[in-house]
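Here you get one chain, nothing else, as structure tokens; it is the form predicted on its own.
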């Protein structure tokens, strides 16, 4: 904090807009250096901006008062490199197919230095085939039954939802999760994409949900904040969720894929952006990374469709959970990013057949979206767990009467929070 004569500390945050006046002084929302001092509003950030004007009268006034600034960086281009230690990361893989040999070998250059959690679909009968050369723990139905009980195992962790058991038992700060039908992608220059490194950079660098930057992620190399972006908001907020994308078979819904069976995504867009606050998005669990310490319990297996299948077209649990997560992030004033990294998604399943199973979910989303657009969480909800419990109550009250699946989802959310608390207490 800046000090005057080394004694009095001036505290307090001041939101400001940089503007010039004709009175030979630089004002911030009408406040000059003397006025700022009298109001007790001077801090390092504002002082640096006064100094940056280079005006002799401003600098002279600062020298006369013997104000000593603490030199700290303001612009993201001056900030230290964002990095994450390997030991703070778990890679979670939900195994819906038994032979993971080609999948693991394709990812080996990227994930072999990290600890892996592979969770076998409890409905999968064949033994898993996992090549050597990995630091890996494999979990099966027996492990799930021990932690959650056989009834909850079937309810929460079947099919693609088996990955959530990995989220539950991980003890690391960051979790990266990739479906077993995805391979490393290549960028627009033909180089292999390190999806893990990109997710970790997205999570380690701040997010900017409260004010949109038209150059997208200002913390990436070669980028910055555009003219007019408030200096008071350039520090950003914690990024809790990184949602990657897909080349080849994009995560389209069954109706779209059935109507356009030959459509493939070949567009590699070299961009990352923060999703603005209050904007919902359909999160895909195929390729994500998240800060488990901050957001962990908000990613849960809640909404289960009747006759849910083993293909992504036939599930909605990640979309529903993603809306919960986004509402929670907005409430806690943390961020969500989307864009890079890409993965190459292989083809699996029949969109026309899956349409018969997913159609229920398509209709349910029309009722879910207005609900999440109007969710209000109390100020007392200060953690992801608190928020999830509150959302479950509102789902039970407002959506439960519309369809039994919502009431079941609300119950599953409470069961999930209880499991999360149990897993946390057992590790402490």
Partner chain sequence: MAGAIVSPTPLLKDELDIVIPTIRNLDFLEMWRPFFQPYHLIIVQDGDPSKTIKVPEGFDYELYNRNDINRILGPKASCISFKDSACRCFGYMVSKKKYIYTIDDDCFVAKDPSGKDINALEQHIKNLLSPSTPFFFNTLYDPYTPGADFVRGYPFSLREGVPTAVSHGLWLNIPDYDAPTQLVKPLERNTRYVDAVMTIPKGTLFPMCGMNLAFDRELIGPAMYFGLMGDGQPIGRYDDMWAGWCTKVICDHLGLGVKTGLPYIYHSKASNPFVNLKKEYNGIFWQEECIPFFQNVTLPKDSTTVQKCYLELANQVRDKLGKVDGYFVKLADAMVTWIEAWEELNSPPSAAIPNGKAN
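All of these numbers come straight from a predicted model, not from anything done at the bench. Numbering follows the first chain given and starts at 1.
Quick note: we don't show the form predicted together with the partner chain, though the next part is all about it.
Undergrad: Of 293-301, 118-126, 254-262, 90-98, which is the one stretch near the partner chain in the model of the complex, taking non-hydrogen atoms within 4.5 angstroms as near?
TA: Of the options given, it is 254-262.
Undergrad: According to a 4.5 angstroms non-hydrogen atom cut-off, is residue 103 in contact with the partner chain in the model of the complex?
TA: Flag for residue 103 set to no.
Undergrad: Could you confirm whether residue 190 comes within 4.5 Å of the partner chain in the model of the complex, counting heavy atoms only?
TA: So residue 190 does not count as contacting the partner chain.
Undergrad: Looking at the partner-bound form in the model of the complex, is residue 362 within 4.5 Å of the partner chain by any heavy atom?
TA: Output for residue 362 is yes: heavy atoms within 4.5 Å of the partner chain.
Undergrad: Should residue 380 be counted as a contact of the partner chain in the model of the complex, where contact means heavy atoms within 4.5 Å?
TA: Because no heavy atom of residue 380 falls inside 4.5 Å of the partner chain in the model of the complex, the answer is no.
Undergrad: Non-hydrogen atoms within 4.5 angstroms of the partner chain in the model of the complex: do 83, 140 and 178 all have one?
TA: No, none of the three is in contact.
Undergrad: Report the residue, out of 277, 183, 147, 237, that has at least one non-hydrogen atom within 4.5 angstroms of the partner chain in the model of the complex.
TA: Residue within 4.5 Å of the partner: 277.
Undergrad: I need to confirm a contact call. Of 225, 167, 107, 174, which residue comes within 4.5 Å of the partner chain in the model of the complex, counting heavy atoms only?
TA: Exactly one listed residue reaches within 4.5 Å, namely 225.
Undergrad: Since the partner is left out here, which residues of 191-224 would have a heavy atom within 4.5 Å of the partner chain in the model of the complex?
TA: Counting only heavy atoms within 4.5 Å of the partner chain in the model of the complex, the contacting residues of 191-224 are 210, 211, 212, 214, 215, 216, 220, 221, 222, 223, 224.
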